[in-house]
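Next comes just one chain, in structure tokens: the form predicted alone.
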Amino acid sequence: MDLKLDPDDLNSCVQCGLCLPHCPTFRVTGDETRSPRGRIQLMREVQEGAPVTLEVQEAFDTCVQCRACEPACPSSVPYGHLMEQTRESLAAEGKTAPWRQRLAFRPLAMPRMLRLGSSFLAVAARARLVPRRFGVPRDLPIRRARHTTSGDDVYLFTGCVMDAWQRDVHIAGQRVIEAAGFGVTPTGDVAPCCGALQAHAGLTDHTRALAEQMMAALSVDQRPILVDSAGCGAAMKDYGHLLGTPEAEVFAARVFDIQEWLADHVDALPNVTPLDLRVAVQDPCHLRHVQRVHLATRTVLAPFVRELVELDDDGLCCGAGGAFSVLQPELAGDIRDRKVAAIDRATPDVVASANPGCSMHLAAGGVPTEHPMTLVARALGVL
């Protein structure tokens, strides 16, 4: 089967194994086919004509796509792009992304339907009618505060699931930006979905359509686009590669993680008494390994909490992985157990996580989590 992989990218892996300690699925299974180099070897074999057996399919399906292997790789293997292209080719042959998964993604680009469905889900979760293995919080909002525009200095990307489930984080982020003296335009329904989950599933044509919609909606001017979800920010910064056009490259250069942008403006925020909290920072993989701007979270948080503490696991994935925790709940739980152990060793009052999937997955494991913007907004007294 032709996976349509770039031979130079595929052959850049020299099978050295330096990726192995950084791969969450290899760490919990010890299975070489659950490692980056093992999966790349399977890609080579399939590209050369080997059949896509159930075992091969499971090796690809069980990748969290955390991309922790990329910074560790001395050959700079673009593993994330290889995996996305592999899944795209398999999805085109009907070997992955079954119809149920595709159907579940459809409302993400339909904000009114998503909010209505989320409200019904919130009622069901409160009534304990949703199985715990789905990781749906029991405190999902039934109603949400309205978005308001305060100026045109920056866009705040609000997205799909996060806007339906965690709009309070968007509001907190907006209040912090405003406290620094900038006007904010929430994107709302004009740019409802970035396509990150679809890209992970191999539904790249759908992802490209959403990217084009996003660019059309937010390219009327060149103001910065701030994103408070690490996974969404990583996807939007990759539009240049996804679409392969100069316009997409220009758009991607306007995208910033909200902490990344605020780190350059933190001195504009008021001096206040820090929250009396010992805070552990959990780096979402797409902030640390893909965007590589995770240090900005420390810069922004440090003035507003009593103490910041680091985890001792070198940024190992928590197991959320977008839809991974739903599609691979047992493996995701095993990966989370390692993260929870690292958090317990740090003895924090709360964990700061800049990605909604991570925070919900950790919360389902009993970890108290807050978005960094929520903590800063609380310290500033603007919530």
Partner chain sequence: MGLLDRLTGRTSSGDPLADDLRAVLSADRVRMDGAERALMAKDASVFGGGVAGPTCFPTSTAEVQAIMRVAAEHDSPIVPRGAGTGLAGGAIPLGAPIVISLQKMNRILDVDEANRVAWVEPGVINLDLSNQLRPRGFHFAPDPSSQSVCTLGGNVANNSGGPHCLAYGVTDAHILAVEVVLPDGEVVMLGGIDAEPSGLDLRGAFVGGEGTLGIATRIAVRLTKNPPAVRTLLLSFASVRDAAQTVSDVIAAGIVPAALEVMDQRITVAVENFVGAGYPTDAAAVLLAEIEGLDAGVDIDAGRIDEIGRANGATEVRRAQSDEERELLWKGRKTAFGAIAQMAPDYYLHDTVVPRSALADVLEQVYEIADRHDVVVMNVFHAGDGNLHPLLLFDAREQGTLDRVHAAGAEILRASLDAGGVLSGEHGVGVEKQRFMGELFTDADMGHQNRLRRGFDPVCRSNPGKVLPEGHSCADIQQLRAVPTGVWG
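These numbers were taken from a predicted model, which means no experiment stands behind them. Positions refer to the first chain, counted from 1.
One more form of this protein, predicted together with the partner chain, exists but is not displayed; see below.
Which one, 70-78, 242-250, 176-184, 210-218, holds residues whose non-hydrogen atoms are within 4.5 Å of the partner chain in the predicted bound form? One stretch meets the cut-off, namely 70-78.
May I ask you to choose, among D31, D337, D61, D349, the residue with a heavy atom within 4.5 Å of the partner chain in the predicted bound form?
When the partner chain is considered in the predicted bound form, the option within 4.5 Å is D31.
> Does at least one non-hydrogen atom of Q41 fall within 4.5 angstroms of the partner chain in the predicted bound form?
Replying inline: Q41: yes, in contact with the partner chain in the predicted bound form.
**Asked** Looking at the partner-bound form in the predicted bound form, is L20 within 4.5 Å of the partner chain by any heavy atom?
**Response** L20: yes, in contact with the partner chain in the predicted bound form.
> Just to confirm, D344 within 4.5 Å of the partner chain in the predicted bound form by heavy atoms?
Replying inline: Judged by the heavy-atom cut-off of 4.5 Å, D344 is well away from the partner chain in the predicted bound form.
D2, heavy atom within 4.5 angstroms of the partner chain in the predicted bound form
Because no heavy atom of D2 falls inside 4.5 Å of the partner chain in the predicted bound form, the answer is no.
Item to check | Residues in 1-26 with any heavy atom within 4.5 Å of the partner chain in the predicted bound form | outcome: Residues within 4.5 Å: P7, D8, N11, S12, V14, Q15, C16, G17, L18, L20, P21, F26.
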